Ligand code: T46
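Okay, here we've got a single chain as structure tokens, the form predicted alone, with questions on binding and movement later.
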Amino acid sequence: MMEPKYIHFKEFADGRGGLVALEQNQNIPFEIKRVYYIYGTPENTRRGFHAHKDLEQVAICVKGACSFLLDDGREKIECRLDSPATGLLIDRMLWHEMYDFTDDCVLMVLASGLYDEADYIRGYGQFLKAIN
């Protein structure tokens, strides 16, 4: 059974607030080559709808929460991110969709590579064909 691959980051917190440090090849399992974030997502909007041939990513809700549908071509699971101290590893060849964003959600994604349109599989039928 497929399980979400969560990464729980060490938190440093005191009366001044909290801090989480992200380090490539340490608590992030790859060299970070790109960082992007999603925010202001309208209610009832789903995003993603793709897989990557080679790219690995770690998604972190630095504020708010959102849900994920992860699909490896055999199983589908749903999971939720709602802590800035937890990341979700999105492996290569994993179809993913994001949804149920809270109004204040800021979803940051750390990626193992630069943007490359050729790395995307945008059609679900193409994804299933590539997996098999």
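A residue's number is simply how far along the shown sequence it sits, counting from 1. What you see is a predicted model; the values in this text were computed from it and never measured.
Absent from the display: the form predicted together with this ligand. The rest refers to it.
Exercise. Would 38, 115 and 122 all count as contacting this ligand in the model of the complex, using a 4.5 Å heavy atom cut-off?
Worked result: Yes, the whole candidate spot contacts this ligand.
For this session: May I ask you to choose, among 92, 47, 74, 33, the residue with a heavy atom within 4.5 Å of this ligand in the model of the complex?
Result: The option sitting close enough to the partner is 47.
For this session: Classify residue 98 as contacting or not contacting this ligand in the model of the complex by the rule of any non-hydrogen atom within 4.5 angstroms, answering yes or no.
Result: Yes.
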